[in-house]
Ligand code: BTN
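This document opens with one chain alone, in structure tokens, the form predicted on its own.
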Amino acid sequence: MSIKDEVLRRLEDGDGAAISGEALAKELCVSRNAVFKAVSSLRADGYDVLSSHGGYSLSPQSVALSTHGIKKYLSDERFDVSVFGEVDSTNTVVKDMAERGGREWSVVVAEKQSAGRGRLGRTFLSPRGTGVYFSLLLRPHLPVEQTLKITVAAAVAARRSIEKNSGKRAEIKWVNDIYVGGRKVCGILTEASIDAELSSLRYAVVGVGINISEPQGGFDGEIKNVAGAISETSTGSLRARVIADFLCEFAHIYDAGLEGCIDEYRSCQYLDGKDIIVLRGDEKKSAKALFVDENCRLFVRFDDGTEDSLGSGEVSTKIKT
């Protein structure tokens, strides 16, 4: 571990308390100048390191993330967390890792994504400092037809983490989005590699993006009237807790059996009773969302009175305005 990483670890463990440069130098067996350079480098990386007569401390308002900063909130030691400044997509990074034999429960976190992706090829806005963007590698023993259960478990875990850290009610919009106060605050993208011969999964990658606070100037473009955030402000500690709580909740669900969270998934549906537009290829049809069944299919009633159950791989939906 570098001197910079060691200094950051001690500042994060201090929870805002100041520690002198002399004490840091003595503890790390380095010079005061080495500590000063490490602090300068941390500031350049976006960490809000304060200086006072008592020494150095990490501002409670610092927004930057670190591996140690996330791990200190993790009660489950199976996760191998790596934090990057910027990647194209955390899902892409983890899929490459999986193909090279990466370990299950590896987690890649990015401060920013240059090409964040959502379901059906949509983009996911991923600016620095205002959200969390991470992907988890799984190697589940599941038949292909049960892949949806992973997304269902991720949606429930995300909902729990968001409610715990925001104090606000979160609802799941079938199939993989989380809404707070009528606004989308989270998107989930599960991608899998299939063993065709065995009709089972080789691995699965669960990608999660959560808006912690609005970006400067607010959301714009196509998402202006849809996107929201879970907090007025974003801090590194809040972002770290959201990630850690998601991982712990997901692991708990995974260990207990993925089907065990389906009732919770069904009971927290945002679409129930709402007028929606069902999108299937180039076709658009108005309908009313009725309920999600035990197989996580969405039952709808179209304007002509006919009813149908929709699978997640077939269609997408949006709220009728």
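Just count from 1 along the sequence shown to find any residue number. None of the values given here were measured: they were computed from a predicted structure.
Keep in mind that the form predicted together with this ligand is missing from the display, and what follows is about it.
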All of T90, F124 and I188 within 4.5 Å of this ligand in the predicted bound form, heavy atom check: yes
Are any of the heavy atoms in S161 no more than 4.5 Å from a heavy atom of this ligand in the predicted bound form? no
Applying a 4.5 Å heavy atom distance criterion, does K184 contact this ligand in the predicted bound form? yes
Residue-level question: is G131 within 4.5 Å of this ligand in the predicted bound form, judged on heavy atoms? no
Would D177 show up as a contact with this ligand in the predicted bound form if we use heavy atoms at 4.5 Å? yes
Location of this ligand contact in the predicted bound form, chosen stretch of 141-149, 72-80, 203-211, 97-105 [non-hydrogen atom, 4.5 Å]: 203-211
